[in-house]
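Take a look at this one chain, the form predicted on its own, written out in C-alpha cells.
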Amino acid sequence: MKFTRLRLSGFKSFVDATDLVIEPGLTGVIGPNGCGKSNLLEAMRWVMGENSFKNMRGTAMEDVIFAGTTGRPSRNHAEVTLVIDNSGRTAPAAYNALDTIEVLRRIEKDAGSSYRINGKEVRARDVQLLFADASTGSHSPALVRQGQIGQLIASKPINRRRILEEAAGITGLYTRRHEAELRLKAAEANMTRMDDVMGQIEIQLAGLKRQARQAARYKNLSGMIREQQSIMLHLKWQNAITALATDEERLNASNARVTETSRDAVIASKAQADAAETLPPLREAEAMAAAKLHRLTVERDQLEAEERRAREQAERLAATLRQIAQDLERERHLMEDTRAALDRLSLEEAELRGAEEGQVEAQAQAGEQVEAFRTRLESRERALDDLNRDVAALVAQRQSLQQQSQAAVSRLERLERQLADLGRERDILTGG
C-alpha cells in the first residue's frame, strides 16, 4: 500500500489545513524537538482507526483537536485525510474501482468521530480491515516513532510474531479470525440465553395451558350464567308488563282526580277573588285597629311605669313612716325619762326645802338643773310636734298616692279589657 498524501486540519499543532506530500523514497521525518514529527505520525495512526487516547498522548480523544494559543482561538473539530495510490488495483473489491482512495476521519467536540472512504460514510471496523488487508494499520510496526527501535529489539516474542505476520501479509486474516471468534462467542452466549428463554417459555406455556382450561371452564359457566340471566330478564319483563298495566290504571284514576281537583281549584280561585274584593276594607279596619292597639299599648306601658314609680315612692314613704315611728317611740321614751327625772328632782327639791332651808347655794343649783331639764323638755316637745306634723303630711301624701295607684290600676284594667276586645276583633277580621 502506497501513501501519497496526508492532509491535516485542526489536528493538534496543525491548526490550518496542511498537506504532507509523500514522495517515492520518503521513509522518515527528521527535525528538531517540537517541530511536529510525532504529530504527523499520530495523525497517520489516528486516521487508520486508533481508538486509544493514551497512544495519542492525551487524556481524551478530543485532545487531538487544536486547543488554541494566546494568539489564536481553539477549534471545534479536527480532520485528517490519507490519500492512497491504487493504480495497481490491489485494494479490496469495494474500493478497487478508482486509482486513488481517500480515507477521512473527522472528530467534533461532544459528537465523536466519523469515517469516510471516498466520500462514503463507513464504520471504524471497515477502515481497520482495509489497512489490515494491506498488512498495515495503526499498530503496524512499520510506523516507527522516536524511541521505538529499542523497544522492537527488546520486545516480547508475541510482538515479534506480529511483525512477522504483517510481513507475511496475513494480518487481515488474523483480524477477521478474531472478529469471527468474537461473533462465535456471542452466538454461544445467545444460544445459552436461548435455552434459558426456552425454559421460561415452556413454563409460561404450561401456565397458559392452565389458563386456557380455566378460560374454557369460565366460558361454559358464562354461558350458563347468561342463560339464567336471560330467564331472569324475561321474568322481569313480564313483571314489568303487569306493573305497567297497573300503573296505567292508577294513572287514569290520578288523571280523573286531577280533573276533579282542577275544577275545585277553579271554584276556590273564584272564591278567593271574591274574598280579595272584600279584603281591602277589612285590611284598612285591621290597620286602624292595629294603630289603636299600638296607642293603647303605649299608654299601658306608660301607666305601668307610673304605677312602678308610685309603688317605689310608696315604699320609700312607708320606710320614712317606719323611721318616723321609731323616732317618735324614741322621743316618747326620752320624754318619759325626762318626766321621771323631773318628778325625781321635784321630790329632791321638796326634800331639800324641808331638810336644808338654809342651803341657798344647793337650792340654786337644783333650780338651775330643773330649769335646764325644763328647757330640754320644751325643745323635745317642740320636736315632737314637728314630727307629728310631718307624720300627718306623710300620711296624707300616702293616702293620695294610694288613691292615684288605685286609679292607675282601674285604668290599666280598663285598657287590658280594651286590648282583649281589640284582639278578638283582629282575630275575627283575620279569620274572615
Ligand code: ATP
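Bear in mind that the values here come from a model prediction, so they are computed numbers and not experimental data. Quick note: we count residues from 1 along the sequence shown, nothing fancier.
Keep in mind that the form predicted together with the named molecule is not shown, yet the notes after this line are about it.
- Remark: residue 48 does not count among the residues lining the named molecule in the predicted complex, judged by a heavy atom distance of 4.5 Å or less.
- Not displayed here, the named molecule is kept clear of residue 398 by more than 4.5 Å at the level of heavy atoms in the predicted complex.
- Contact check for residue 380: no non-hydrogen atom falls within 4.5 Å of the named molecule in the predicted complex.
- The named molecule is not drawn, but in the predicted complex it has no heavy atom within 4.5 Å of residue 44.
- In terms of contact with the named molecule in the predicted complex, the residue from 407, 393, 35, 372 that brings a heavy atom within 4.5 Å is 35.
- Scanning 1-23 for heavy atoms within 4.5 Å of the named molecule in the predicted complex gives 12, 13 in sequence order.
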